[in-house]
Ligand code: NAD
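Next comes just one chain, in structure tokens: the form predicted on its own.
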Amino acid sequence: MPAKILDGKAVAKRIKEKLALEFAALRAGGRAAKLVSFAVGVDDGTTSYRKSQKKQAEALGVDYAMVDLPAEAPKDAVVAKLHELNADKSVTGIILQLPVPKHLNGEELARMIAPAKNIEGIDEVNLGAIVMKRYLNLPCTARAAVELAAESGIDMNGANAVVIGRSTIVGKPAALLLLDRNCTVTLCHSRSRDLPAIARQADILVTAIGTRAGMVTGDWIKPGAVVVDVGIIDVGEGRIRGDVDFDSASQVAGFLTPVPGGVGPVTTQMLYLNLLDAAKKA
């Protein structure tokens, strides 16, 4: 029997509807949320991404502001603006738009955002909080991957979960979040021995490799497993594919996310879920 598709668009729509109600309740209580997009130099890619952010914010009733500095802005001026936004009590969350000009370090700047306002959750404090199970802002893609796995209805208690990929953006936090849901977790990477054999033990398989489209084929997958494909690989002509070979995997897996239309739409909603949580705590 072909795998059931974990439709990220449908899940995202449901989450978005719930978020709209909760943000409306916050506003009614006099606690509006504000998201700031901070950019140094603006290119076409940044502009497109911000249009999407703004559209989502408006749909949810979230205040959205763009704060821009010119591409030639010195580091001192950039740092000063970040500190200003950190201190601004009206600002709930900050997104640093990447890439930044070559004379700046994007990772270094991201770490300068106050952890409570670092809404993407990719900094030492937010990542460390996962280890202590004292969640602040969870890395959005990792959170989306785990939410989609749970969408399958699988009993996570004691389930064998395998995560392929050890990045701080997806792999490591996803493994920790699965562990917190009582899964038995194996975290793999490019130097793991016999990856297919490890993957075949998984009741839940999360792939976050992003190097070769269709690398994970059906013979890597345990029959009936939940497979969440986080990979995004540009294969040309405006097309993207994931880590998983969809055709062969769909004949073995019980549940499978498509690419596109799987993890991506849910990741966007996780950003605003982090913002909602931050607004509630503020």
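Numbering starts at 1 and runs along the sequence shown. A quick note: this is a predicted structure, and the numbers were derived from the prediction, not measured.
What comes next is about the form predicted together with the named molecule, which is not displayed.
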Which pick from I164, A174, I119, A161 sits with a heavy atom within 4.5 Å of the named molecule in the predicted bound form? I164
Though the named molecule is not shown, can you say which of L96, A208, A202, L82 has a heavy atom within 4.5 Å of it in the predicted bound form? A208
Check N182 for me: does it contact the named molecule in the predicted bound form (non-hydrogen atoms, 4.5 angstroms)? no
Can you tell me if M270 lies within 4.5 angstroms of the named molecule in the predicted bound form, counting non-hydrogen atoms only? no
Closest heavy atom of L195 to the named molecule in the predicted bound form, within 4.5 Å or not? yes
K133 near the named molecule in the predicted bound form, any heavy atom under 4.5 Å? no
Within 4.5 Å of the named molecule in the predicted bound form, counting heavy atoms only, one of 166-174, 110-118, 82-90, 69-77 shows up; tell me which. 166-174
The named molecule is absent from this chain, but in the predicted bound form, do I154, A249 and G254 each have a non-hydrogen atom within 4.5 Å of it? no
Those residues of 228-252 with a non-hydrogen atom no more than 4.5 Å from the named molecule in the predicted bound form are V230, G231, I232
